[in-house]
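First, one chain by itself: the form predicted alone, in structure tokens.
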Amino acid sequence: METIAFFNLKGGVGKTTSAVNIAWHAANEGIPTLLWDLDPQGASSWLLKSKAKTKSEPKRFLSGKSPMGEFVKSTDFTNLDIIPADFSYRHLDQQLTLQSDQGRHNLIGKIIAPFSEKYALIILDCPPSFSELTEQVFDTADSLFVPIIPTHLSLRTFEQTRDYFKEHKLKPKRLHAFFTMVDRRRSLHRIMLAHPPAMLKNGLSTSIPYAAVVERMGDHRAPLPAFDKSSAVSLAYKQLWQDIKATLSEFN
């Protein structure tokens, strides 16, 4: 089983859009895939028409009182299941910190470990913050994928993430950036694509263009390729999945 996470300190950069579309492409190839929506905003859950059966109450599954399998729901797509988020996830970090103080470390990794019997790929859609949850995701994920808009402020959030990896001696090869919401009418976007900063040396080669069709995911409440397979952005996500898959030992 491979575990990957989509993360950025900055919101509005295409993190959830990427997580949902990559999950679809993996499942479409016959890979049993589980998407865990860790963001209390629940955007991935909403896009996949999924709602938690009951209020999750993170302390229930963190303490082991409720098996995590109880929270898994199927989606409209073969091979793709989801653990939907709800607003109670705003307390998840607090509960993780409490459990950590009591000597129970990296509960995220321990929670998902049993899923290896059913799923080949776990995708974590993370909230935009550094926190106890973030640290556990970094420790758990085999690879971290960071969507970046080609701007200086967006690049700075990647630099902060990279520095965190260095400070905690995490493997740099596990950290992969890729450009999203690329608007080639903007000179800065064109320059960054033509000459990526040195800090992006492990970045993925495929970039995701800015396109209004992405907003239609909300109209259809479905991944982009479920209703549009031919647009430039849909084809870009198809290629991005191939780039991501090439970094994962489980599928090579």
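Note that residue numbering follows the sequence shown and begins at 1. Please read all numbers here as calculations on a predicted model, not as lab measurements.
In what follows, reference is made to the form predicted in complex with a small molecule, a form of this protein that is not presented.
The stretch from 66 to 74, 187 to 195, 29 to 37, 214 to 222 that comes within 4.5 Å of the small molecule in the model of the complex, counting heavy atoms only, is 214 to 222. The closest heavy atom approach of residue 111 to the small molecule in the model of the complex falls outside 4.5 Å. Using a 4.5 angstroms threshold between heavy atoms, residue 46 stays clear of the small molecule in the model of the complex. Taking the partner from the other structure, the small molecule in the model of the complex has a heavy atom within 4.5 Å of a heavy atom of residue 181.
Under a 4.5 angstroms non-hydrogen atom cutoff, the small molecule in the model of the complex lacks residue 42 among its neighbouring residues.
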